[in-house]
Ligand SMILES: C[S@@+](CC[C@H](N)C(=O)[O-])C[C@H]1O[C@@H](n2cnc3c(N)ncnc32)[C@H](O)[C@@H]1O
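Shown next as structure tokens: one chain only, the form predicted alone.
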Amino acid sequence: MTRRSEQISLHLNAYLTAHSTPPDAILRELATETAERYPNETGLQVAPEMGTFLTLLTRLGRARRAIEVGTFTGYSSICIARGLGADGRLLCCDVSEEWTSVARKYWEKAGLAGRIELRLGPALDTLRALPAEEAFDVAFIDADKLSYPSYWAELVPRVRGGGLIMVDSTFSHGRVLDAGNDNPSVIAVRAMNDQAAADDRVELIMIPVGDGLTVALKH
């Protein structure tokens, strides 16, 4: 129902998912509804193994406050919110009332609606309106690729020391390796990857799960 990890074979991916904690009934139902309602946009939803990883990383970081840029129908937000502490809060940024109406429904089903705040509008406007202080323990970026460098620039100062910044789709389907690819989205992702790698405020690693996940620990 959702995209698989794209950098490994189908057989190895099947083995990987068979040996990972599977999504529960709510996440499976959400993935099915998303695929039925938006068959051409299912690639915007994180892979199930990515969702499990987001929950684990959020939990391991003992996070209480998180922010997500790019919510779509809510799969990743549920995974992050489930990893937060008992009094944790997640702020979601998205531009689509239609897509996030599905997310709201599944936040209710998952018992998380009271812990998630949605702000509709251009994410950069939302981020720039936030206080310029280290308020978040976890940040997850998975939105329009053209704004990736700007999202990084706005979010890193707002994540506390010891917090995590996670960025999805940093392989851009392998196109980041093609120096001659002049697709604006690829150029933007490549620029953010270089920007992040040179950022002395963080330590990071790119992980070959989904379409590439960058995980950065802020000093």
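As the structure is a computational prediction, the values presented were derived from the model and not from experiment. When you see a residue number, it is the position in the sequence shown, counting from 1.
Omitted from view is the form predicted in complex with this ligand, to which the following refers.
Only one segment in the set 110 to 118, 143 to 151, 128 to 136, 82 to 90 has any non-hydrogen atom within 4.5 angstroms of this ligand in the predicted complex, and it is 143 to 151. Though the partner is left out of this view, residue 44 does reach within 4.5 Å of this ligand in the predicted complex, counting heavy atoms only. For the chain shown alone, residue 99 is a contact residue for this ligand in the predicted complex, at least one non-hydrogen atom being within 4.5 angstroms. Annotation for 65 to 86: interface residues with this ligand in the predicted complex are 68, 70, 71, 72, 73, 74, 75, 76 [heavy atom within 4.5 Å].
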